[in-house]
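Shown next as structure tokens: one chain only, the form predicted alone.
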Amino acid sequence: MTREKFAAVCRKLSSRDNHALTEKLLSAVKTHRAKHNTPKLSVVWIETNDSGDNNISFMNTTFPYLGRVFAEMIDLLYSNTFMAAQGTKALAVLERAAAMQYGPFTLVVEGAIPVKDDGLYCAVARTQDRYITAFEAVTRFGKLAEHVVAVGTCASFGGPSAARPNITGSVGLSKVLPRKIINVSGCPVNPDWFVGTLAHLLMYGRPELDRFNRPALFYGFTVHRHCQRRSYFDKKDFADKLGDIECMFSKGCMGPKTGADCPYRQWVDHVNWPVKANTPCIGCTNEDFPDGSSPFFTSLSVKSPEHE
């Protein structure tokens, strides 16, 4: 499958009833690996300061399910969330990865990085005599990795972990790691966005990115562009209250400034998304989320007048 066909598949399958994107991707990955004798994508996944929502969302990948993603696409070397090993056994795996004993790897970071007070507000591991902070871990492994992926809005831009008053001094990964980072934002990330990005890395390398370094495949258009309630907006027919069927621009919807394909990708096994569930888009993929979206139910024309 060519890179162009891959992009077309990602967009085409997202609007079909069976939403078999992941199944199609894994089939392409399997063919690619057999043809080019390519191993699975080796991944070191470090979870830092977040709510754990992104790994939970990743586990919701369907058609096929998580087991096949692990079995056929990625080789998860280390994860302080998923792996069974603990303590010294887990750290030994991490050190072997740092020594490149497994070959090149992709670093996935989930969560923001607290930098205040030398990063002591988030420790990802503990040795016999000290803690290993998130800041230390991601800067060390970020320098060694072939690719770096920030999964979720906290890792991408700071997100809720860096929201006012941000007492831990949390920041997005790009603030502590001076290299190219692929941001797969969302609070949480849609599993298709993450699995699709990993598949692209495995087969073609880094995908085309938008101005926020997000894969243009999934973030290239605004929520507003494909919203099922767009016709109401065009007629300036706005909801008076939550639960009304009209456009929720008046109720704080951030769709006009939010890049994401949620209206047709959808969530929860591809069956629903916020606007379909009668609540506004709160712009969770944005670089200024959540402070830039607050107050959530205040019109965008009031909290961001440039989008009036």
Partner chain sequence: MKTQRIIFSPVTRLSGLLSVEVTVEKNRVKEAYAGSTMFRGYEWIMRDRHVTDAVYMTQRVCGICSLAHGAVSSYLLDDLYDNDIPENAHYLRNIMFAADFLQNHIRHFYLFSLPDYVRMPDRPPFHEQDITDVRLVEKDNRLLVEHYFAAVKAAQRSHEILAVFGGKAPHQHSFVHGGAAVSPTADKVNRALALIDSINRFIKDCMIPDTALIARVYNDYFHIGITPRRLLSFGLFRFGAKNDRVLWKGGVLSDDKLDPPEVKLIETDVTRSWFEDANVNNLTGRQPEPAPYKPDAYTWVKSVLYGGRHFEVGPLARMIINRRYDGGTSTMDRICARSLETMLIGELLENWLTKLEPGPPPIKQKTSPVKSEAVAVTDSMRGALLHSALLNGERVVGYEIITPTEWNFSPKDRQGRRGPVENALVDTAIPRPKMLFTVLGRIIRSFDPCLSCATHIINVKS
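Everything numeric here is computed off the predicted structure, so don't read it as measured data. Residue numbers count along the first chain shown, from 1.
Not pictured, yet referred to below: the form predicted together with its partner chain.
Chemist: Does any heavy atom of Trp267 come within 4.5 Å of a heavy atom of its partner chain in the model of the complex?
Modeler: Yes - in the model of the complex, heavy atoms of Trp267 and its partner chain come within 4.5 Å of each other.
Chemist: Is Ser27 part of the interface with its partner chain in the model of the complex - any heavy atom within 4.5 Å?
Modeler: Contact check for Ser27: no, nothing within 4.5 Å of its partner chain in the model of the complex.
Chemist: With the partner left out of view, is Asp53 within 4.5 angstroms of its partner chain in the model of the complex by any non-hydrogen atom?
Modeler: Taking the distances in the model of the complex, the answer for Asp53 is yes, it comes within 4.5 Å of its partner chain.
Chemist: Is there a heavy atom of Ser299 no more than 4.5 Å from a heavy atom of its partner chain in the model of the complex?
Modeler: Answer no; every heavy atom of Ser299 is more than 4.5 Å from its partner chain in the model of the complex.
Chemist: Give a yes or no on whether each residue among Ala7, Tyr232 and Glu287 has a heavy atom within 4.5 Å of its partner chain in the model of the complex.
Modeler: Checking in the model of the complex: none of Ala7, Tyr232 and Glu287 is within 4.5 Å of its partner chain.
Chemist: Picking from 208-216, 138-146, 71-79, 175-183, which part of the chain touches its partner chain in the model of the complex when contact means heavy atoms within 4.5 Å?
Modeler: Answer to the contact question: 71-79.
Chemist: Does any residue in 183-203 get within 4.5 Å of its partner chain in the model of the complex, counting heavy atoms only, and if so which ones?
Modeler: Stretch hits, in order: Cys187, Pro188.
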